[in-house]
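Two forms of the same protein chain are encoded below as structure tokens; each is given separately, as structure 1 and structure 2.
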Structure 1
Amino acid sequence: MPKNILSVENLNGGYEVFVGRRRVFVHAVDDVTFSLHNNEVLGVAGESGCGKSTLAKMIYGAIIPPLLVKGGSISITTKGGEVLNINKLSIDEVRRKIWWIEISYIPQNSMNVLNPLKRIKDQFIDVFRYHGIKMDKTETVEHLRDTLTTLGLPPEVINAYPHQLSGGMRQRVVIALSLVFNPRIILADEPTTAVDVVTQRTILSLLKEWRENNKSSLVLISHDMSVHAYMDDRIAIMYAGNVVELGSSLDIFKEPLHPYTRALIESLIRKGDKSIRKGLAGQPPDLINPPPGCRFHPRCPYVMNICRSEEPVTTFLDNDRYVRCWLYTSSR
């Protein structure tokens, strides 16, 4: 087995929208490169609007207008060991070979994505039908009952319609849906926004356990650094469409390099804290007209002249740790 199950190279994309009659491009994912290892949790962190969901959609291949891919490549290793370049496949091939079988996706609004006219169990049976996978109905329903029970849902849920469930229950149903075919990769976009902290912890633990048992990999998107601290093996920090820093969870929390990462981690309330920690001053940049040079420079406490005019280059500290910041290019 190769080490990487998914590699993303120089991915570029965003939304083409009209402001009045002017066509503008919201550059939500800008030159993103990273790889997902076998059997790991990779977190994607960053404040609201920085492009996390867009990145997930692009990786999954959910390119629905106005989303537009401008460049880059995404390749994945399938269960059969084949390496496929997702952006070279036709949409129908992606649909049949990749979606739900190799990668499944938990969208950000997961509590609102179920079909209102169908019972929960039928929505599971449908997924089998979509992929022409034969199954025994009663056996599947039995299995489903177990899965839902482990996610903390009462077994009657399988006969319910979505509107009879709470938002948090629907979210868990969608999580269970994404696991049915034991995919090697799961893209989870804020999977636990609709539940309380205790339930969140339960769900995350179950997801973690499931992943470890199946040796699958999870890309976990969240703006909540405590979720990342609990779940991640590695973390990618995004700011305004760029991945500004990537590294193992331990390193990032112990020694954040990028000034933005530092601010994010400082904003976490730690045990024993007396004062409320300060947040980051200023607004996230406009992705239609991002600031020149480093996109973070208007808010950066360490800003230098070069930051205002030139985009920082990627500096690798070791194989699995990089940062995009001028502070670290000179000192190397």
Structure 2
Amino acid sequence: MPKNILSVENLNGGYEVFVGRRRVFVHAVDDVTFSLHNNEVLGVAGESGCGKSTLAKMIYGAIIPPLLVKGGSISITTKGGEVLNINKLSIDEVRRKIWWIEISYIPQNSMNVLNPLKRIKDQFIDVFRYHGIKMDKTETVEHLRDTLTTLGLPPEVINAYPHQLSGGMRQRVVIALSLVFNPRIILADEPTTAVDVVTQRTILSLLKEWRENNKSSLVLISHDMSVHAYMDDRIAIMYAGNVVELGSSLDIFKEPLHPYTRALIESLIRKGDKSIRKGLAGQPPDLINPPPGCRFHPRCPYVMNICRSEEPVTTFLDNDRYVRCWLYTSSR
């Protein structure tokens, strides 16, 4: 089995939208490169609006206007060993070959994706029918009960309507839907933002246990660095469409390199530490008209002249650790 089951190379894309009568391009993902290893959790961290969710949609193949891919590639090695370039497939091919089976997607506000007029079991059965999987009713119901039980839900949930369940239970139902075909990759986009802290920990623990038991890989998107500390093997830090740092979770938290990464980690509340946390000054840039040079330079405490005019190059410390910052480039 290959070490890398998903490769993203020099990915560029975003949204073509109208501002008044003028057509503009929101460059939400800019020259992003990384690989997803087999049986790992890769976190994608950063503030709201940095491009995390857009990146997830591109990887999933949900490239529907106004979302556009302008360059780069997203390739996946399937369960059968075939290598597919996702952004070269039509949306119909993606639906048949990728969705649910190879990659499942847990979107933001995923509780809202459930049909309020259908019982939970009927929503699962619709997914089976969509993929042409024939199972008799008894076998289907048993499979659904087992899947829901794995995520800590009582078996009788299958006969409920969404409105009869709590927010945390609905969230777990949606996660169960995404796991029903044992996909090799799960894309989880802020999967616990709509639930309380206790439910959040429960959901993350169940997701972690399922992934370990099934030896799947997880791309976990969250602005919450404490979630990444609990879940991730590696972390990619995004800022204004760029991945500015990537490394193991241990390295990122022990020795963050990029000034933005440091700011994210320093914002975490630590047990027994009563000091006041300081946020970053300023706002993320406008992705329609981003600043020249390093996109972080208007907010960076270490800004140099070169940062204002030239984009930083990627500096590799080893195969799985890199940073995009002029502080680490000897040729500056």
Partner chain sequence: MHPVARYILQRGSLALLVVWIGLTVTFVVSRLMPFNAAELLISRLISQGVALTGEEIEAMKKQLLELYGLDKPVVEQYLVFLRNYMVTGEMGPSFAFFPTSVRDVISKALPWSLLLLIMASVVSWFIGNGIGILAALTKRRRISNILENVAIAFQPIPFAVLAISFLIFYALVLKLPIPSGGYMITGSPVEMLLYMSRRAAFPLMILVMFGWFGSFVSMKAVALKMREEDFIIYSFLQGAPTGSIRYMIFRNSILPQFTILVLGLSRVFIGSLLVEYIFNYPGIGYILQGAIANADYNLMLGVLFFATIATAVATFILDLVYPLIDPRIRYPGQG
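Throughout, rigid core stands for the largest set of C-alpha atoms superposing within 1.5 Å between the two forms. Fair warning: this is a prediction, and the values are worked out from it, not measured in the lab. All residue numbers here refer to structure 1's sequence, counted from 1.
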{"property": "Number of the structure representing the form predicted alone", "result": "2"}
{"property": "Core-superposed C-alpha of Arg145 shifting 2 Å or more between structures 1 and 2", "result": "yes"}
{"property": "Core superposition between structures 1 and 2, C-alpha change of Asp122 at least 2 Å", "result": "no"}
{"property": "Residue shift check between structures 1 and 2, rigid core fit, Glu255 Cα at least 2 Å", "result": "no"}
{"property": "Core superposition result - C-alpha of Pro155, shift between structures 1 and 2, Å", "result": "3.1"}
